[in-house]
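First structure 1, then structure 2: two forms of the same chain, each alone, as structure tokens.
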Structure 1
Amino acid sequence: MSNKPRVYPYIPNSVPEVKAAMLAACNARSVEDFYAEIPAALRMIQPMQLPEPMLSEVRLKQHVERIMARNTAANEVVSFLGGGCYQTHVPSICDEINGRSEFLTAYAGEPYDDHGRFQALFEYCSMMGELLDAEVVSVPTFDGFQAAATVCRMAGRYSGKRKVLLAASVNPDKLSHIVTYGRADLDFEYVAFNSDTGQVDLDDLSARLDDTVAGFYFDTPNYFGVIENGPAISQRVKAKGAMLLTGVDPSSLGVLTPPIRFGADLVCGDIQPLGMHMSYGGGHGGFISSRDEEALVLQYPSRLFGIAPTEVPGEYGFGDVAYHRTSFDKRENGNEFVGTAAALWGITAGVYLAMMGPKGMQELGEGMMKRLCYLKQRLASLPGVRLAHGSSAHYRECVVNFNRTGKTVAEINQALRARGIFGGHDLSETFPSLGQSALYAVSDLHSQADLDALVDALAQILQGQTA
């Protein structure tokens, strides 16, 4: 024990008298008795070297707030960053619900004491099912990267084949995760994208497809914001008996066709755009969806919550569907692994979808496409600025090329920051073939004034004016 008896607000039994009474109650002279099994050689001799604590709540609050004040939050500027994490309006009710202690601090209760969690997650899956036109939706995985990696493994297990084709137009970080995650059981090959359209190169896809291919994974919209020709891809993949594995931005599905309708076998993505704050990448959760086919359902590694009657007529009950699939039940003989993931964001996304309803999702998607369309037109009018995949349809984001401006994206973004604008994500290192290009994203937050402000600032910067 510390030499200075101190009572900690989070530790009720740190009261010295209580401590002494409890030690006596379990026949111990001191806490050292409990550590008797730990050999001296394994014991820490020196106390941990940590900063002096901020014991009072007020000092702690001041300390953390002062550090965090060094950040510039995206809501303090106008931001055009996307690339897999999106600034969007989070309806107040989303924060109200996910901040409730009953959801925030619950964990692994039974369907009886945590009935609300089961129902809320079942409803989330059900609303996602409407958006995705799918009868099976998993509870959230860690993020969209994880969902994509698992989808590839599921295809391998379902088909009994090792080879998975990956579209090179997928976020390179996501590809990195997919390959590390799957490499023990899968062989990966990349399918090129057309440099003019940004879409999957259908000829390269056809050339790589054969009967050893478990599936082809692609995103639509892809990393460049380009909407792929799903039916054309599907037709080629299906002709060779491979599975169609599609990543999708769920916020787009008020206006874009759910991939299951053009033949996708497994559809996945990230729910961050559905009511989650960005939180520096902390707001992510993945989903996986499919048709309700037993052999396919049995490939899911995550928990699946199903609805069922109880012994009292008129009550909805819930529980785990086919729990025996999981590593909880079968350790290494289950599918992949399962544990804590991102359930609270699933509940939150459910609230978001219920709040938006069918019309809201349509209006959100249309608004996004129209704002981007307006921005594309205005950007294209700037001297030296070119849209990288200008002939393609985009959702939410697009690649803007600055090669002919004589400035690098880094220089432009620095100048934009000085004007209170976060420019698009610099792609010059990850996609050198695109030259000096940046990925610009719009959202429901952007007004016309915001878009005009960007274009005006770029015009000034490209003319060499300082802020």
Structure 2
Amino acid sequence: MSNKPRVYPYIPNSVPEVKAAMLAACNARSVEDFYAEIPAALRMIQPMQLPEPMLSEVRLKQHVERIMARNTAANEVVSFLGGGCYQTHVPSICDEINGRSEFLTAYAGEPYDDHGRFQALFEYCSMMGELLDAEVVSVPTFDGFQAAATVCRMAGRYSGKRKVLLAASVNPDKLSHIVTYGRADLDFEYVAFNSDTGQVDLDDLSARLDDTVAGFYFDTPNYFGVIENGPAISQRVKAKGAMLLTGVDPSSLGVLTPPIRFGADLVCGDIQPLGMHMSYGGGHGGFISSRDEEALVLQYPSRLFGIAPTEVPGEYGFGDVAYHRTSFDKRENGNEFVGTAAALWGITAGVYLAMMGPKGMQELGEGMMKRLCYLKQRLASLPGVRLAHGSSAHYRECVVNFNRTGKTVAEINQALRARGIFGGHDLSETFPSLGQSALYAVSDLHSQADLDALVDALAQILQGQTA
């Protein structure tokens, strides 16, 4: 390759003069000087092994398309993957509305030019409030992980305490996010789960609760799909004066009790199941909800939209509530920095909830539980296959153990892929105590034939038959 600096048509700062101007503006003598604060252990010292640059748009497009063609999308096979991102039916009207220019181009719209988005988000928050039985619902945070991390920090600010207990049955990636985001201001401890039921170990919870605990965070249904005993957890947490912080799958609330009814102070989750496609890192948005208590509301970092009468009799307007607590107003002195949000997905979820209605959400939840019950019954009939946490009630997902089959989850998933099926998430590394187990998820897209196809394929694989 030539040593002459190459100017890339899509990267303006590859122009030497532009790069020099940017470095000068930062008082940096070189790129190495600019990145000096990043520890050497975290930096890639050697050059990346990249192909020769493609300066033509058509060649670049062909190159990327060839890479993408190596993927198999979930909608090309029968998929049982879940664990926080789900392949669900997305009504066409959701894509139609969120693709309209009024919303798609309103990412950073402000009150003086964007009344429609404020009303749409107010309607979304109102319907989420109905679903969650909550008086206050935030506009979407970046995703559900971010919402969970924020409720832990809200509990710390509200209570003035540092210690937060986390259920060990929470998605490991979510736990990692919560700890990374909160460790500067909070101390975290983990509460074990019962290996037989998959639920929070109530004895371990009681032993860790004291008057230094700000709150306890858990999910219901949890990462294993197990529905937790919310009232029993709430009774123990509240007896010690701590806050109850609960994550929930909003698609389950047509059949399950909203956590606020058993005492949750802050409820959060991800709205991806409400009308959004799986799309790599996109398609997610988090929600936070609570009762309407001023001291608690002032801990929200994100925007809250409300409604109020205007000077015109009978006319109402939509706008920000307590805007002064946000980083938009206080900059670095705000509760937390609010950067990229997911307002467009909030509007999409609002469209989904409006279309489904209470009856539709109930039917969605019932259908999910019926599918999972049927799948569990059929899986349990396979030789060597055992359902973990079999005595507990589940929603959407369950853990399937293959210890007695003599095969690993990786081997089984590879054989399933050869038959056009995506098996469950392999839990053998993230939860070694569960042995060779996988997390299987169902959705409203699965037919009885799909569930039968999975069980039949597993039976063939366990008998040693090839595809």
Partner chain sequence: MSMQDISRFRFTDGKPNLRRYHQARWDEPVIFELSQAGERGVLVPEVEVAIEAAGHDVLATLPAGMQRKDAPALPELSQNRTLRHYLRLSQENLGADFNVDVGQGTCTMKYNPKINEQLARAPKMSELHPLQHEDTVQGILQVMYAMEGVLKEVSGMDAINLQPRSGSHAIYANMAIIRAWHESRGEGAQRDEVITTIFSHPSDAACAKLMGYKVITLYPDENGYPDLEAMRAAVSPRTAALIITNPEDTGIFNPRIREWVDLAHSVGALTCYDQANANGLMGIARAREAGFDLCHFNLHKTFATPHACGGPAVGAMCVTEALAPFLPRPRVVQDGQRYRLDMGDDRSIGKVSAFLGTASIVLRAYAWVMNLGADGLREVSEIAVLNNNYMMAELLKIRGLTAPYAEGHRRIEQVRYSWAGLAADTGIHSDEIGIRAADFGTHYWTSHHPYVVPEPATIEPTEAYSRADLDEFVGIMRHIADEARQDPAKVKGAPYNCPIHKVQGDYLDDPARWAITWRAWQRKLREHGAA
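Because the structure is predicted, anything quoted here is derived from the model rather than measured. So that the term is clear: the rigid core is the largest set of C-alpha atoms that superpose within 1.5 Å between two forms. Numbering runs along the sequence of structure 1, starting at 1.
As summarised for this chain, the first structure is the form predicted in complex with its partner chain, and the second is not.
Annotation for residue 33: C-alpha shift of 2 angstroms or more between the two structures, rigid core superposed. In the core-superposed comparison between the two structures, residue 63 has its Cα shifted by at least 2 Å. Taking the rigid core as fixed, one finds a CA shift for residue 433 smaller than 2 Å between the two structures. Core-based alignment between the two structures gives a C-alpha movement of 25.4 Å at residue 20. Here the two forms are laid over each other by their core, and the C-alpha of residue 315 is off by 2.6 Å between the two structures.
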